[in-house]
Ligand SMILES: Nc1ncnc2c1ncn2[C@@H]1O[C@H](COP(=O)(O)OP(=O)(O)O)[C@@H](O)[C@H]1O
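Given next, in structure tokens, is a single chain: the form predicted alone.
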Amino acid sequence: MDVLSVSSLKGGVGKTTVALGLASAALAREQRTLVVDIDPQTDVTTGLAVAPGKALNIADVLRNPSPDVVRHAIVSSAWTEHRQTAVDVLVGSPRAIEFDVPAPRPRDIWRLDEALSLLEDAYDVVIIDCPPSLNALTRNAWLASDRVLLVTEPSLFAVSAIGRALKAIDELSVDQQVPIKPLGVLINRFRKQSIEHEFRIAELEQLYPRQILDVRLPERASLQQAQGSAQPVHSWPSESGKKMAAQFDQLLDEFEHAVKNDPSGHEHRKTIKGAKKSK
């Protein structure tokens, strides 16, 4: 089971849209997929047309990551209907904000990893939609992941947020003595005709030359239309939708290639966590 966090320390850059696009790509490959909504805004839960109902949710899991609680916090998404392959959702909740403290206890930032370790044989891919902040929820997601995808748009404040995120990943790695590994920086919502966007992209390439991914997602109405209809972009009947789907395929390829060529991160992290718990 490969786990990817989709993260940004600035809101409004299309982080949830990217998470949904990746889930669509995984579904198109018939991979068993779990989307974890750890953002208190619960946008990815809404985007997958999940009505929480009486189900437990991420707040319950973070309080008690036991097998029974985790099982009852996962529901099927609307995408699964009429398909053999599942896209399930670990349901989000505004109550998750209660756990998003700036200085959590060491054990509390491992709770999501504890929960996902119970699902190792149930899914091929796990995609975590993170909140746009650097508190306990984001740290839970990063520590539970094989890679962290940082999403930005070509604007001044979003560019500065990338620097903060990369520094925070390094600091958390040192603090927890585990290898938290960025997949890279994804530039989202760029416009070719925008001088400002071209300038910011050049700035990102200069500041983080080894972190910028080749995939760049342009602004496309088809993507918003598909997600507004609670459909995977790979099913959207337009030429523009097909082009966007191909880019999410390429992005998922990047993730799978990274994990395949260096699969040690998650196993090493589990080993260290187990050692800490035994002390």
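The structure presented is a predicted model; accordingly, all values stated were derived computationally and were not measured. Sequential numbering from 1, following the sequence displayed.
FYI, the form predicted in complex with this ligand isn't displayed, but the following is about it.
Taken together, 1, 145 and 147 are entirely out of contact with this ligand in the predicted bound form: none brings a heavy atom within 4.5 Å. Contact with this ligand in the predicted bound form, judged by any heavy atom within 4.5 Å, is made by just one of 57, 42, 227, 33: 227.
The listed set 93, 77, 188, 138 contains one residue whose heavy atoms approach this ligand in the predicted bound form to within 4.5 Å, identified as 188. Residues of just one listed stretch (249-257, 214-222, 233-241, 66-74) have heavy atoms within 4.5 Å of this ligand in the predicted bound form: 214-222. Remark: residue 17 counts among the residues lining this ligand in the predicted bound form, judged by a heavy atom distance of 4.5 Å or less.
Contact between residue 25 and this ligand in the predicted bound form is not found at the 4.5 Å heavy atom cutoff.
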